[in-house]
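One chain follows as structure tokens, the form predicted alone.
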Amino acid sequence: MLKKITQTLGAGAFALGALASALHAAETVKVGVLHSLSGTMAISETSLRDVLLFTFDEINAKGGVLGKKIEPVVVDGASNWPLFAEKAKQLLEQDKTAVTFGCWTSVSRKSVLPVYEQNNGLLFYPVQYEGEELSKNIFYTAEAVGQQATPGVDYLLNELGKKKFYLLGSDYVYPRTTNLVLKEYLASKKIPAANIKEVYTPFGHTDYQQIVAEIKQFAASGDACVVSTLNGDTNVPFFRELANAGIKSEDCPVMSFSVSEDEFRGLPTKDLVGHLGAWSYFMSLDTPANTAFKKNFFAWLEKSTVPGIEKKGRVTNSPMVLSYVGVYLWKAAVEKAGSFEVDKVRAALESGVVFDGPGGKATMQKNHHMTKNVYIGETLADGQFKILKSYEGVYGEPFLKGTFK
């Protein structure tokens, strides 16, 4: 009799547990976060995990999405590109996530792309990239080449009068493809091939002594600049070696496309005053939307109980804001579609949903890229940017290669 009672109670507890689980599933929507929380790219990507969790909490506090609370599923790509594909498959097939926000490097995005296409998943990609890609399963809130690289080069050409370009990048698809486009663009601006130097280093490279010596010689004429697509923690030894060599912005400015306020926390910024960046957002933007965003994010950090989260000296940057914008565009599309189904959400996104965020108005285009603002900034000693020039409502065009005459 006791055995039967125990079995009955056990079965009842199991049924209650299953019911509770089912009720929880009915009240939430699972959302994937796929970033490197370890390895060489963690210096940049951990902050994107943080801002996504903040965004989910902000939305949940206002009632969630279609009455459901966002339930984040966070996985670590660990700066390992094949592992990104495995984690993407886990998010889609096991965790049944409705959408994923993630990836930094283009090689990680290209690693997961077939997984999202085969499973008809949805990925929002927030980091500057080389273009030459369009997938029905990816929405690129990122800066395309025409929203960062070519405006940055225009500033060097037109505002600073530079005539020699040292293209320095990490050895993978984003820098190499971006520089292919930039070489065509520079040629269209009558810059001879002899005035363009192209150099690549591996991820995590630490010895920049020879390269910096070459840059110093290249810049001896006084009309040269560096266009940098170095990614991750390799920026630390590069900029330190640049400072050690006494190369200052007035001698040879560096226009970086992968270094933002977040990376400056690990760099000798006092030695980098005057070097340049081009992004869709700077923390120094003086707008009501940006003021509110920063206030709310920093308040969330202080209260956060996420294990190991860094709280001191935090900043905001463009990839963080484009992650934030991506979540709100997805939310707007879900509500417009009245559904979390990928095909319906995709159609709603393609219809042109809009979010007025910290960096200005962002509109999703039919080609899965965004119309957004572009800013050119100069590095200050405190690790912030002084905004020098802005371009409003720049269209996102992924296919620029071969278009310049």
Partner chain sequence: MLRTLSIFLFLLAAAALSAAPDASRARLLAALVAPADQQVAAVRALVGLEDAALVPTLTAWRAAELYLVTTGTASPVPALLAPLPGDADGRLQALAVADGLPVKDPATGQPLTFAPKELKALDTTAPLRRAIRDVLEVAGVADPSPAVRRESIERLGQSRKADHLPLLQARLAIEFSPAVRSALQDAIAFIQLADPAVEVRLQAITDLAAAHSLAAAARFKEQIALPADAPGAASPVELAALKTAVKTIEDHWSRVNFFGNLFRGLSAGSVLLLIALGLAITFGLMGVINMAHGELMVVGAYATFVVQNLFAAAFGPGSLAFNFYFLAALPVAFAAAALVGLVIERGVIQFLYKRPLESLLATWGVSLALQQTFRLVFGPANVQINAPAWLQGGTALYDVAFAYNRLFVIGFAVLVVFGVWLVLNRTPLGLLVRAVMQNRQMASCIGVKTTRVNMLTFAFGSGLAGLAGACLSQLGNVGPGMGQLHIIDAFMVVVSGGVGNVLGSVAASLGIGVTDQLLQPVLGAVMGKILVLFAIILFLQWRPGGLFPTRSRSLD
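Positions refer to the first chain, counted from 1. Given the structure is predicted, the values throughout are model-derived calculations rather than measurements.
The protein also exists as the form predicted in complex with its partner chain; that form is not presented, and the subsequent description refers to it.
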Close approach of N367 to its partner chain in the predicted bound form, 4.5 Å, heavy atom:
no
Can you tell me if N290 lies within 4.5 angstroms of its partner chain in the predicted bound form, counting non-hydrogen atoms only?
no
Is A332 one of the residues lying within 4.5 Å of its partner chain in the predicted bound form, judged by heavy atom distances?
no
Given that its partner chain is not shown alongside this chain, does Y166 nevertheless sit within 4.5 Å of it in the predicted bound form, heavy atom to heavy atom?
no
For the interface check, one of 275-283, 198-206, 316-324, 292-300 should have non-hydrogen atoms within 4.5 Å of its partner chain in the predicted bound form; which one?
198-206
Heavy atom within 4.5 Å of its partner chain in the predicted bound form - qualifying residues of 214-228:
Q217, A220, S221, G222
